[in-house]
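Below you will find one chain, with nothing else, as structure tokens; this is the form predicted on its own, and questions on how it binds or moves follow later.
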């Protein structure tokens, strides 16, 4: 057992096979190589990448495994984290979503190099536009350091099937952000089912918050591009 697989097993209860670890490391190295000519990540050392990309990405695995079977999407995927690692670990059909076309093309190239071209596709557009094309198509979505919780809930809602789940990777959201998210759960018919806080092995504070779509939303979605961030939904006044 390598140091990484032992860490994931003892700290998080996650089993990483030799084959999976080989692919995870190949992914990290490929992304760091692409990063030399394209800004995919601010992390430039393997040591940091092992913690802040691979370890961090895999902390969401149990929540992804708990979701219904079906299509997985990583919103605002950036350098492909957690999307590619979670694809490696779950074998799910995966869509990497980012509005920057050259990033998506680069990630598709990395997926091909890993032999995952049949499992991973890219979408180089806005999340709101994807929701018009693939309404209710996803069983599980992830978002890491992408936007506020209310915005993420709104963006994810029309993409998710009933009982589909949104897994949000956050640092430490404020009480205000948590309260605003709670206020619109009923409006979106999304229910918070998990909120777990922990430390990564380098001491970084993290939490994972999971929402389940339990019914159709009570507001027409998606709204116009950008409104989820610029003008977040609020609980209707009685």
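Quick caveat: nothing in here was measured; it's all calculated off a predicted structure. Positions refer to the first chain, counted from 1.
Form predicted in complex with a small molecule: not shown, discussed below.
Contact with the small molecule, judged by heavy atoms within 4.5 Å in the predicted complex, is confined among 160 to 168, 133 to 141, 84 to 92, 120 to 128 to 120 to 128.
By the 4.5 Å heavy atom rule, the three marked residues 77, 100 and 103 all count as contacting the small molecule in the predicted complex.
In the predicted complex, the small molecule sits within 4.5 Å of a heavy atom of residue 146. Residue 20 falls outside the set of residues with a heavy atom inside 4.5 Å of the small molecule in the predicted complex.
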